[in-house]
Each structure stands twice: as structure tokens, then as C-alpha cells.
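The chain below stands alone, shown as C-alpha cells; this is the form predicted alone.
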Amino acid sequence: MKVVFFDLTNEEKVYFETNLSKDFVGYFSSESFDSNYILPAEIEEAEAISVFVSGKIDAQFLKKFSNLKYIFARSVGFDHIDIDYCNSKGIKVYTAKHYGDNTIAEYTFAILLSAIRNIPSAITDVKAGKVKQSKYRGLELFGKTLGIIGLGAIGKQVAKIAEAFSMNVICYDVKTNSKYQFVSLDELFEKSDIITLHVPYSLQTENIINASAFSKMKKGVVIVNTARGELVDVVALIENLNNGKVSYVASDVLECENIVHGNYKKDFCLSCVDEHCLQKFFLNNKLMNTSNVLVTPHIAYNTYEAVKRISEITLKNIENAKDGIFKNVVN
């Protein structure tokens, strides 16, 4: 089986080159891609590809492969992959489940505390010798009510950490768990001091935080998002930041975030971006320049331990595919 690896770091390349068994032919690339990517002739007949979240795996891209049977996502999320097309062609999609449950939960609190304690501006000011204590007055977590939307593996770890901070934890999920207090989504909006998102992106969860949701929330609510940018209506978010309903935003993700990140690359192609993402680019920049907003570039997963686990799980998924084992398959 020929497996093509895209978006590899040097560390990942060494790992797969070293550990991929002789049953497979590996083609290793540090390149990302989009629908306009020109496929080298030597990989057109590849049976499998491995991709990270930075590439958009749509039908137009997938049609370039004449013999594709497997996609090995080096991520938990798979909203960047056209699952409908894969289903129509019998292409199995594997994901790296549970590689970063603790990692992302820890980062949720890292970015939350950084935002509500105004740490980035304090660091900038102390380096510049322009310290003003009144600028850095923030919020405590002790005694606050944390509303967790999505109590999967990551959400459960977030709940454990929250309890260590002596927070009151309430949860919303399609599945309940007797260990935690589950409430309706509306009740979570009404009661939470801080709301954190840990659900996958889908048509059902798109803009789950919208104008209607904000209207139910407490004045001064804090929004944390380490899941997907599409879960939050950015227009409503900016409006509610401006009117004071939202006091802080801590987000590791943005809708159409690749255009924000890609804007700083020499090969960035503005004409290749669709109109929807151009609109989001403008709104994302407006959000990032709004007071009390902390945005990081989708790095919640990025620890040495988690990145190693991604590679290990992906390698195991490749071996399972060869053996007809469909663990970690989403379709």
C-alpha cells in the first residue's frame, strides 16, 4: 500500500520513515494543499493519504487520486474532510482519537487564565517598562460556574480540572453522565459565568453560540473555545463584546482560520479564497483587535507528548487498515 503523508513536520517525517513497515510505500511531504494542488504523478495511484487539519480535503482534491481507499487524519476532528464524498466512494476515514484529551483540557485553562488575568498585556508592558497595575485587574475562577458544552473525553478532563479550582460545573451534552450536573442548553447559557466549548463541528453545532444564546447569558460572561471556530457566530460575538455582555474571549480557533494563518506566507493566494472566508477574514481581524480578546493559532494540541501520540495512533491506524480493522473509523 502506498501512503502519502502531507503537512509533515521534520519530527513526524523521521518517525514515519523509521517506523512504517515494509508492507507500505511511504511518500513524505511537508507541503499543505488545497483544491488547486497539482498532484505529482508518482502519487496519483496512492491507496492512502495522511493529513493534518490545515488542509481542506474536499471532493475536488480527492478526485485527483485514482485508487484512494483510506484517509488517515492526524487529528480528532474530521470536519475538514468531505465525508459524503468518502462514503460515496467507499473511502474509510481514520482519526487519531484521544491523543490529546488531557493536552487540550490543560490548554483550555491556560488560555482562560491568560485572558481573564490579562497576562499577555502584562508581559508586553513589563518588557516595555510601562507597567500600570490597574490595567491587569482580572477575574478569579474560585466559586465561578463553568458551563461545559460537550462532555466527551476532553470535556470530562476540563470538568476535573475545574473542580480542582473549586468551580461549580454544569454540563450540556446529548448524552448524560450521573457524575455531573446536566442542564438544558438554555439553562447553561443562563447560569454560567464561563462557557467552554468541547463539541465537534457539524451542521447541528454550527453557531451553537449565536445572538439568541448571548441574549440568555449573564452580563460579563467569558467564552472559551478550543474546539472549532464555526461553533461561534463571530458577528454576534463581536457585538456582545462591544456592548459588554461578554467580558473576555479566549479562543484557540477561528472560522476559516487557515486564511488568517496563511496571510503571513509568501505564497498566499488571495484570489484562491472563497467569498465566505474573505468575509470571515475581515471579521476575525476585527475580533482579534477587540479589547479583552485572546486568540492563539490552533495550538491547544501542540505538546511533545500529544504530537508523539498522534504519530503513534496514526501508524497503528495504518496497520489496522491493512488488516481490515476499522477501529477509529468515522464512516
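Bear in mind that the values here come from a model prediction, so they are computed numbers and not experimental data. Start at 1 and count along the sequence shown; that's the residue number.
In what follows, reference is made to the form predicted in complex with a small molecule, a form of this protein that is not presented.
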task = Look at the candidate spot formed by Val4, Ser50 and Asp82 and say whether the small molecule comes within 4.5 Å of a heavy atom in all three of them in the model of the complex.
result = no
message = How about Leu287 - does it come within 4.5 Å of the small molecule in the model of the complex, if we only consider non-hydrogen atoms?
response = no
query = With the cut-off set at 4.5 Å between non-hydrogen atoms, does Ile154 touch the small molecule in the model of the complex?
reply = yes
request  = May I ask you to check whether Lys245 falls inside a 4.5 Å heavy atom distance of the small molecule in the model of the complex?
outcome  = no
ask   = Can Lys175 be called a contact residue for the small molecule in the model of the complex at 4.5 Å between heavy atoms?
value = yes
inquiry  = Can you work out which of Gly138, Gly77, Pro120, Gly220 has a heavy atom no more than 4.5 Å from the small molecule in the model of the complex?
reply    = Gly77
task = Name the single residue among Ala227, Val232, Ile71, Ala115 that comes within 4.5 Å of the small molecule in the model of the complex, judging by heavy atoms.
result = Ala227
inquiry  = Which is the contacting stretch out of 121 to 129, 245 to 253, 212 to 220, 159 to 167, given heavy atoms within 4.5 Å of the small molecule in the model of the complex?
reply    = 245 to 253
